[in-house]
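One chain comes next, on its own, written as structure tokens: the form predicted on its own.
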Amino acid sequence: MTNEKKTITNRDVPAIYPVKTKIQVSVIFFVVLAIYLTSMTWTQSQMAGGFTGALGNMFNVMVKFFPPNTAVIPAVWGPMVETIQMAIIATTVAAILTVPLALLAAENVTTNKPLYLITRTFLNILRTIPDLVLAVIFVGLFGIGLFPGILALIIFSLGILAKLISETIEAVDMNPMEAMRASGANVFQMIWYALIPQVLPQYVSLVLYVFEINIRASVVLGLVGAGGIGLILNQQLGFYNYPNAMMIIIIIFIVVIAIEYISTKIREALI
């Protein structure tokens, strides 16, 4: 009996992806590349001085911002604290309102299909409205101040939090809830004892993440009159007080980095 050795060639090795898939991926890649190149060319043609001119203008503008005027620091801390308060209040209210909405938007918890679809549609509508547009609307309704900014941030945060937490709920292990249902527990008992322990760490982490976003967003909302440090920054830019504006930007940067660092440490401790 003879042993026949078979030489394996490249043709004998099966391809990871079929030829049709490779062609489709290649076509998509070149289409996306063409879109990028076309967009870059069009953007370049729309710039008055071209990309080189933009770099020169940026240098000229940045020269006006330095050196920062440190004399404005005492007058800036008050509005900066207001900005943080806006973010805290908005995040807290949104975190409370998110709980029922996230439960209703979770398909594995809400068995009523129409109620689930209505809640999902409502949250999708909330996310389609930019926070800046909300701030403009509320400033028009209530006037310049912190209250319009807080309302805008609440709605903005609610759309983000409810979606993320509802998806977290849909990914939980349903066996504990099924076991409690079989033992006669009601809906609230199942949620409290089986669902919340699984979701709580992610819930706190997402709330902290949205709080970081609200700190940044509240600065932008101030540009349209929604109060806080953004309102002061807009005034200084409008008066062409660039050294003052630069000092305000530096303070905002330091505060945001500090809050993000603390928030990251808290999330690492929870997860």
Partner chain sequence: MIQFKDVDLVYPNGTVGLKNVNLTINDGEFVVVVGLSGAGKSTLIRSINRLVTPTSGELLVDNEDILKYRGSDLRKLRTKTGMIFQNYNLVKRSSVIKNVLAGRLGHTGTLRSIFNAYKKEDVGLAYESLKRVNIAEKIYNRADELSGGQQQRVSIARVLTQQPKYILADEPVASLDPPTSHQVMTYLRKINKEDNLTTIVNLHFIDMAMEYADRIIGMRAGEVVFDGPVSEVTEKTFEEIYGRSIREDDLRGGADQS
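Residue numbers count along the first chain shown, from 1. As the structure is a computational prediction, the values presented were derived from the model and not from experiment.
Absent from the display: the form predicted together with its partner chain. The rest refers to it.
Exactly one of the stretches 97 to 105, 182 to 190, 67 to 75, 110 to 118 approaches its partner chain in the predicted complex with heavy atoms within 4.5 Å, and it is 182 to 190. Think of it this way: in the predicted complex, its partner chain has a heavy atom of just one of A194, I169, I154, L161 within 4.5 Å, and the residue is A194. Mapping the unseen interface onto this chain, P176 counts among the residues with a heavy atom inside 4.5 Å of its partner chain in the predicted complex. The closest heavy atom approach of P79 to its partner chain in the predicted complex falls outside 4.5 Å.
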